[in-house]
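The same protein chain appears twice below, in two forms, each given on its own as structure tokens and labelled structure 1 and structure 2.
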Structure 1
């Protein structure tokens, strides 16, 4: 404080009386505004700006507003007050303002004293937070003013309505003389409420800042915090109220309430907030009336300034989880902006719905894909099983076909023996003849050569018979080769020639001269021809000898087809049995297995053809086999 006093006296010593006296006065009217605190503080800055603006709007002539910051909150002591008084006496001795404006009790005292010594007749416009100031005697003359009340009780009642579980009220305030005076007033106003509601009062006023913040961290859960200002601590250390508020809000474990609208939005829940803009505006309008000479303002008592409004910060409500329906009717809800959810709810819901649909579609596609893959796997498995079954059936068919061929060859044993006996007998006869010719004198070498040629020819013939038998009895894997249907028929006809002769049957071959080739297994196709011819011979067993005729025809039955028909001269097949003769184990013969025609049809169908039977009246049975021809470029 000492340095401030020294600074004031130094300035006084440097300024000459002429300089002070000759300071130019502004044209029009002028007012001197004595601000109790630093004008850089948000509340003071807002009040001064609003007052100046209001005053300029209400006056028709130019008006100068001189602002002096007294710093009464941060400075203390009688020496500072005396130095300040001396400085303003020197500065304004020759600068008479048209009015003096000030507010707050301590600043009002400084202003009234200054007026008594310099300009006892100028009007003073005041804003006092102490309504009893007007009751002091002697009552100051030419003083008009407003009464500003910091309504801590209304703030406490608002806190209790928002936090109905509150059992303790904590009050935070600074340690300056003015702050202590205001606290006494507030405690007096709170006392009835504390008694009525049975609340505990926690006094956190006048504590060092560090201790205050530490206490604020550990407040009980049922506590509501009321704050006023914090300009100085007990040691006189000055603080900026807004910075202390920021630290308090960060440290406090409980919701905090305030009285100044300048801190709204920083995290306070709310309170009976004083609007310093409204205060400045009302002071400006009152000053304008005084400057216009309205003397009645000096006679009226201090009027209450309705500049506070119960206000709640909607964002702080959400932060502390306070339901909005607890906000009393008539309370202003600040920052009641819709949340991101409320603002973009439909967009979010739309996006979620779209995402949900996409997820459903994706899930559906995944399910469908899995179902399709499972179906494909089942199809592949079924195809595999069907292929295995088909292979097994084909293997069984091959076995049955082989058995059938062996059985057929067994039936042909007598004829085959007879056929083999002929070349063997001829070989023996020709060999004996050759030996006799060689023993003759002279030897008949030419006839010997002829006999040896016959021996070789008969041996080949016997070898061919054996070869055909071995080929037909051979069992192996089916082979896909190109064959001439006529050659297959001739080969089987030669094999059955003796058997037909023994059975008294005559075979007539009517083979097409030019016939496309067929593709398949030659042994199996020969077996079909063999089964059909044997079946024809069996069917003529009851026909008298000489009437047993078998007609074998081959033809090109249509585009891409060749046909083989075998017709006997037997008794034919009853029409009701035509559909049964191809069934397995169905036989009209006493010792038949009933597998020959069944195997033949299976072989034909395996080669892409079909086999069916007819029974023309009086013409025996006709079995017709149709097979696909090979590709055109493979035709023989």
Structure 2
């Protein structure tokens, strides 16, 4: 039945090939490409795509390319071949191809047989890796072809040049019939090299994948690994060569070399890499010539196709520490990525130059603008700037004043602690006494009442100390309020009372009975009084304990002015130093900051007044502060 059909079909096609073809399809030609393995394998896919585009470029008419996978790696036996025939007969009954393209020895055999039985007159274009095919007798007719060499010998020599210490060559190959055949051929090719160099050969072909990877892990140090393909394992399972290569490269303890450019970049060091793009292109060009009817080619012997190039992966060289100068001349260096600097040097330099220019321009603009601004400021904004400067100065003064206040309070810390502990001690004693008095029989309630009264007043006293302290330590926006100079003096005197006592100084207050109010920041004004009093105490450190006297006077001084003077009984100030003592950081004290008087003068001046020092002979130092009064009315 089958053979009869084939016969009839062949007869029909021989008798009226044109008629059948023309009836079956419109103008244009078709070729059938028989791929020996899975068409989706990267090398195959590349080849098919390249063949297709090459054909389309070479022919004016559209060419249909039908691709069939023969799956020869795992499908075998005569029944399979028969089934293929049946299948193609059914499939291509209505569209006989104008040419048959195939490659690889085993697939070529299948194709020739198919043609003999289905379309005996169509040309076959082949790509063979076995040059002996052409020597076969009788020679198949209407066959054009190319000889594709997988150059394992050249690959091995490249490996030996890159790795001069190599003593062993390992060869990895798959287990299919075709791969086994290739293995024999490669070993044959390698044999002279092995003998000549005295190398050991490690056969890693035909192993199951797991075992192959295991072996690859433990290869001796002086081994170079050559890989051909791994399409099929011993059980016939098909693999994708590129995936196997990935696993192999991860496992291998030694550098690996390959023959297919589809695996380039995965980590192989290099090899005589066959470019399937080039193969497809050459095959396409040859097919186009055959389709145009160039008969002469059919009898021409197969020629080696220059599709393999010795190639080395520069990244793999770095990874294995192989010096670049070992790469022989004429070998292509792939992935020889220049460093970022090398690649972008001119961009970078250009960018730098550009940004330098920009900076220059910008600087020029800035200078120009500043000049203009300065001119404007001088002409238009002088008052504004002055105001800003004044505000800035005022702000700085506030900050400095606060710092110096904190420092002054630090000096008073011992006194303040003492002043707080006094009422606390009294409170505790009174409270504990009250408890005892209540427990007595009869309870002495009168005495308890007195104790409670004392507790309350002592508590208030402690609270006042804390309040005074906090008020002086407070930092905030300066406030403009009305103050009585006398009250400010009394407040500070209270705060300093303990310190005065400890230092053996006596404070004499001579306050004018009525004074006009002054306006300003109370805390800062108190700070001035505090500084003057502390300075006075310090000035008397060398005076015997009984003779430390401080006179503080307030007075109405001329119209619209109030005056405060602080005089000590110390040694006075040398006339040459009178001007110096208001300088910042000038201090006669060992641990002095030299800020007190300087800040006091700044505060007084910020309040519209002035502060100066005198040293009347034999009367200690006299500091005199005059402030404008806020109102003509008198305050008590």
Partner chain sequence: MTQAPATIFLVDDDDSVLRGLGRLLRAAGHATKPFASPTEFLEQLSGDMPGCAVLDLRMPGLNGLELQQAMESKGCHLPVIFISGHGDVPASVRAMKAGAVDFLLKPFDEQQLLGAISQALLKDASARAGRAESAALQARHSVLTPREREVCTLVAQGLTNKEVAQQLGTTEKTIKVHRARVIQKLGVDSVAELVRFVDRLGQA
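As the structure is a prediction and not an experimental result, all values here were calculated from the model. Take the two forms, superpose them, and find the largest set of C-alpha atoms that agree within 1.5 Å; that set is the rigid core. Positions refer to the first chain, counted from 1.
Of the two forms shown, the one predicted in complex with the partner chain is structure 2, not structure 1. In this overlay on the rigid core, residue 251 has a C-alpha that sits less than 2 Å away from its partner position between the two structures. The two forms, fitted on the rigid core, differ between the two structures by less than 2 Å at the CA of residue 275.
For residue 574, a C-alpha deviation of 2 angstroms or more is recorded between the two structures after rigid-core alignment. Taking the core as reference, the Cα of residue 82 moves 2.8 angstrom between the two structures. Summarising the core-aligned comparison between the two structures, the C-alpha atom of residue 405 is found to shift 44.9 Å.
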